[in-house]
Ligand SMILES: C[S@@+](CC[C@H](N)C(=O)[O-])C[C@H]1O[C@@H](n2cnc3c(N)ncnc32)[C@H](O)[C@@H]1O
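Have a look below at one chain only, the form predicted alone, in structure tokens format.
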């Protein structure tokens, strides 16, 4: 075993595309390291009599070659980089010795001081790779490396480490789904784009708390107060996006939930495309699944519901503008999730019952889901209209109709058990 070398390691990025890489051992270390190595385009051979299920799946997919045997001398011939990570100490020593003879850079998971290379704590953000190695007078400190890595990556992702005078993002518009309301539920990419924005055009239902974090120079426009009147509001929003983008600004259209789930995001994307303006779509967590989840309601559950349907309730069933087949929905055995339906729920419940849905079907209304003001009101399809009035339920609220409403709050509803496991 080599003595500890107090000289610092020399950082370098290996270009492994098309070059031979050998992994000795198919356990958890290989499982963690392989995805990044595969991404480099390396020609990877795994030498191990066994492997985890995930590593085996990589071999089955043709991403790596798997030689199902123990390490043998000569396995590192013509190899540029080796990762020795088996549970066999003698095999690790032998592979490490071969790497030394053949001048192959070699990482060892069981004995870092016997290796010729170390794996840094790495993270990635928008095309930037962060690699951190720390050493002390007593040796390496991987936990410190990981903590420093995490701090840097988080800073890049949320914009706190952004360099304003060296920003690489070109002018244009990002349609960002802000999630259901809790500011922590916006995506990492959405939060970073917010930090880089010159102009933010925000919906009333977007995560408002995030606006307080914006630098003073960022212009924040309330989409609900854009002029030209109620029936011109969307056209005015489109025009504001176009005007600011053409002025060379980086614009974020901050929307609640997901931009394409009842959010008119495609209308805005089409308006921008017609003007030749670059548009990035950042999906968001839809309130249709996140708000019920926050209230303890799964939209699907084994033996209870195998499907869920998300419906806009802003138009009543008897309205000629309605595009919803309420008769078909009443026949479904799964879960119905209604958005924008608080003031129409009485009419909707009557239509569902008229088309055969049981009046005793459980209903839950979750108001201001995922926020500090969240509250849940339970009802049945027969009395939900009355309950909304009696409990003064107001928008925004997500309405869940189906047996899943009782799954998290009482005994599991009776039903046949599925023979197959469900995903997730």
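Just so it is clear, the model here is predicted, and its values are computed rather than measured. Positions refer to the first chain, counted from 1.
What follows is about the form predicted together with this ligand, which we do not show.
Using a 4.5 Å cutoff between non-hydrogen atoms, residue 190 does not count as a contact of this ligand in the model of the complex. With a 4.5 Å cutoff on heavy atoms, residue 56 does not count as touching this ligand in the model of the complex; it lies far away. Taking the partner from elsewhere, residue 221 is found to have every heavy atom lying beyond 4.5 Å of this ligand in the model of the complex.
With a 4.5 Å cutoff on heavy atoms, residue 84 does not count as touching this ligand in the model of the complex; it lies far away. Checking 47, 366, 379, 34 against this ligand in the model of the complex, a heavy atom within 4.5 Å turns up for just one residue: 366.
When this ligand is considered in the model of the complex, only one residue from 326, 262, 80, 308 comes within 4.5 Å through any heavy atom, namely 262. Shown alone, this chain has one stretch from 335 to 343, 273 to 281, 101 to 109, 300 to 308 that lies within 4.5 Å of this ligand in the model of the complex by heavy atoms: 335 to 343. Taking this ligand as it sits in the model of the complex, the stretch 383 to 400 comes within 4.5 angstroms of it through a non-hydrogen atom at 396, 397, 398.
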